[in-house]
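Just the one chain here, laid out as structure tokens, in the form predicted on its own.
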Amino acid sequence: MKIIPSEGQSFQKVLSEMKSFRKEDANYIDGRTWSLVYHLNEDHTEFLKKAHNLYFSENALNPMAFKSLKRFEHEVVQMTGSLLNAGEDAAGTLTSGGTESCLLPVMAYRELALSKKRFKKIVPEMIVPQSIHVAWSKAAKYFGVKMVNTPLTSEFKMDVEVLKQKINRNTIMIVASAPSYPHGIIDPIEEIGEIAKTNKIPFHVDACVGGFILPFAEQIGYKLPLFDFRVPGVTSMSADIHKYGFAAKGASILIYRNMEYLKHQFFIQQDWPGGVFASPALLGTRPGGPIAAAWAAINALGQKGYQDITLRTMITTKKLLKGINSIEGLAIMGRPHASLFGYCSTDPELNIFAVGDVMDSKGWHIDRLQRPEGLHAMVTPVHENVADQYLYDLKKAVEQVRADPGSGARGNAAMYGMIAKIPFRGMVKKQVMKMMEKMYGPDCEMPMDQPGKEPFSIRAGARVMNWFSRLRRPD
């Protein structure tokens, strides 16, 4: 469909057609996905829909027009601040998701540095571990900040000794994870906080994943390294409530230790003909539904509800970690602190991406990791009912790949493996850009529009493989 229909269709027909489009989507309700969606149960989802739809049309752009939304936002920020030990002076905002909660601190700390008359001719820098979420790379690009990467230790943590060496007069902020997305490991927040405090550099802890599970894990007895505002050097944190807070997408909380930091996030234009304009975060129009649903989720679940959810999640995670480590040829990467982890092959003859392909064929939706190569899982309560089946299928997948050594040279396994090993990363970026142009251009290449064709990812992978094979030919 490329033009608006001349005649409108009935609500029922439109809805029926929309439902039919979902038949090829990933099956998150039955726990077949290990990322993207945080589904608690159908009753909770229906409750969130009702809370969201109560404020479907409201706009939080003007807090004076919809005071109820401002109340929801303020109380969610306060409750989250209490959860993360932010203190009485803490202040923050709700955002549209983790990416916005990563973008805004970069802009705020850049503006803080500029307010001190720094960086008029020098590019400001932010120091991050290599495992930091890719949203921070996006933030660096958007706001003209140079990203300085530090390597990971053998435990997949930020190397604090390298961090000390990277700090210079251009450094405007340090970022670390609690936990990191690829490996589920908390960076050494206490050590980094001391370094940041000594050098008077803002320090942000990205707890987008961990913000609504790590505190409750502590409450039920799990021993974790300090990761929040209890560490003196931490100046801000982000926590996605649409992840383990089990709110509606998209809702994330961004909290600063005090207003002296948050105020640099505000945008104010006093001379616009449309009137004085003030915005606390990135968006202008701020949908009311996600804000209302975030408040509703916290109040409906309560601390006891989150503790129960966390216990179920952590028990399932422990079962999966133990089960994967018991499969010959597989090993967990590092020692994960929370409910997400990566695992790799310890056998040079066992292609981990080929194992992923077999798992895909069995109906599992699994993300791939690179540097080092591996598979990824993010555990939620829905997975407690499928953990045994997952481990059974994974063991069988390993056996199948061992019986077919050539499987690593076919399908997605070949694509992922080759892309991960291409030394010229700029060329990979250029090829992926071409794929994106096709996917989002006027002649969108999507499986649903082209019956009989292979999925986009496979076609795209084939193009990358063909390109790389040409690159390697001596002619």
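Each residue number is its position in the shown sequence, starting from 1. Because the structure is predicted, anything quoted here is derived from the model rather than measured.
Below: the form predicted in complex with a small molecule, not depicted.
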| query | finding |
| --- | --- |
| Contact stretch among 78-86, 240-248, 353-361, 223-231 - heavy atom within 4.5 Å of the small molecule in the predicted bound form | 240-248 |
| Close approach of C208 to the small molecule in the predicted bound form, 4.5 Å, heavy atom | yes |
| In the predicted bound form, G98 touching the small molecule (heavy atom, 4.5 Å) | yes |
| Partner proximity in the predicted bound form: P290 to the small molecule, non-hydrogen atom cutoff 4.5 Å | no |
| Interface membership of P105, the small molecule in the predicted bound form, 4.5 Å heavy atom rule | no |
| Option touching the small molecule, based on a heavy atom within 4.5 Å in the predicted bound form, out of Y261, Y343, Y390, Y181 | Y181 |
| The unique member of H383, H133, R368, R286 whose heavy atoms fall within 4.5 Å of the small molecule in the predicted bound form | H133 |
